[in-house]
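Next up: just one chain, as structure tokens, the form predicted on its own.
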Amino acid sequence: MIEYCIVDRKTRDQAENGEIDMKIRDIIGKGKPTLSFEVFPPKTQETYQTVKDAALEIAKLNPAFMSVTYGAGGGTSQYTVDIASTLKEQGNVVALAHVTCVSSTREKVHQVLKELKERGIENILALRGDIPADGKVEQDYRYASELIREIRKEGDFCIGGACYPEGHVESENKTEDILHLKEKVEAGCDFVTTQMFFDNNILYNFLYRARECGITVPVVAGIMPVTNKNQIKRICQMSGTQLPARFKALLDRFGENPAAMKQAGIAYATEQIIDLIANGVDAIHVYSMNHPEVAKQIRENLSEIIE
């Protein structure tokens, strides 16, 4: 169902010589745990080098792959492509580039796809994207399934989609949300990645419902290490993510102590990952928020669990 793997030096040498396929569908779902990380691109040129350095530092942990997000309205699309390319060329890491469509024209999407092809980026996470604060959206795409179907026609990309264990905030109910997910898979998704969750039972229930609906592609579990109290408040407001009592107690006890909150948040995320792997959920994607030290600590905490 879910996994983590490290691409060793020999494998990387093979990859650089074109001897192995570097599509994510050929990395996950093979019965071994895999660990990957997400970074986000800079909003301005002034912070580009800082973000690039952080991303390359995380790449040193030899993750199965790394994803690079895409700003609302496609405002950071060039930086997304650049950082993904840097991870591939300098970090020797399989790169997954996000592409969103709700605020992009068809012309803009095809321009980004062309650039990704030219840079040798084979993996795309296709998303509708959040509605911008000003409410301005384009009319070329309404749903992620439309974007996925179009990307599928544009070449041999490995395409991922998003899924929501607690249901998308705009869906009327979880049944409707699962049916929308099935539309994405039928449109051409090779795998799906979950929004963050803090109660593993929510994911286990979601996986059961997805399989019952005939969704059989690999599911990558998205884990967010919460390192400060304000961060989680903002996230929950945007995503509708529910916090279990155990996690709320952690926030209440350590939320006002930044160092303690960071340590507790990393420990909580690590425990989540260990439980997931123990229950057969092997593909783990950590939303590292461009913090190499957080990614490194989680990797070290799993040193004997993930080979």
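In case it trips you up, residue 1 is the first one in the sequence shown, and so on. Note that the structure is predicted; figures quoted are calculated from it, not measured.
Form predicted in complex with a small molecule: not shown, discussed below.
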query: Contacting member of V93, A126, V219, I83, with respect to the small molecule in the model of the complex [4.5 Å, heavy atom]; finding: A126
query: The unique member of A187, V226, A162, L207 whose heavy atoms fall within 4.5 Å of the small molecule in the model of the complex; finding: A162
query: Distance check, E170 to the small molecule in the model of the complex, heavy atom within 4.5 Å; finding: yes
query: Contact test in the model of the complex: H98 vs the small molecule, heavy atoms, 4.5 Å; finding: yes
query: Interface membership of S104, the small molecule in the model of the complex, 4.5 Å heavy atom rule; finding: no
query: 4.5 Å heavy atom contact, R152 to the small molecule in the model of the complex; finding: no
query: Three-residue site Y70, E183 and T193 fully in contact with the small molecule in the model of the complex at 4.5 Å by heavy atom; finding: yes
query: In the model of the complex, segment of 198 to 206, 107 to 115, 173 to 181, 226 to 234 with a heavy atom within 4.5 Å of the small molecule; finding: 173 to 181
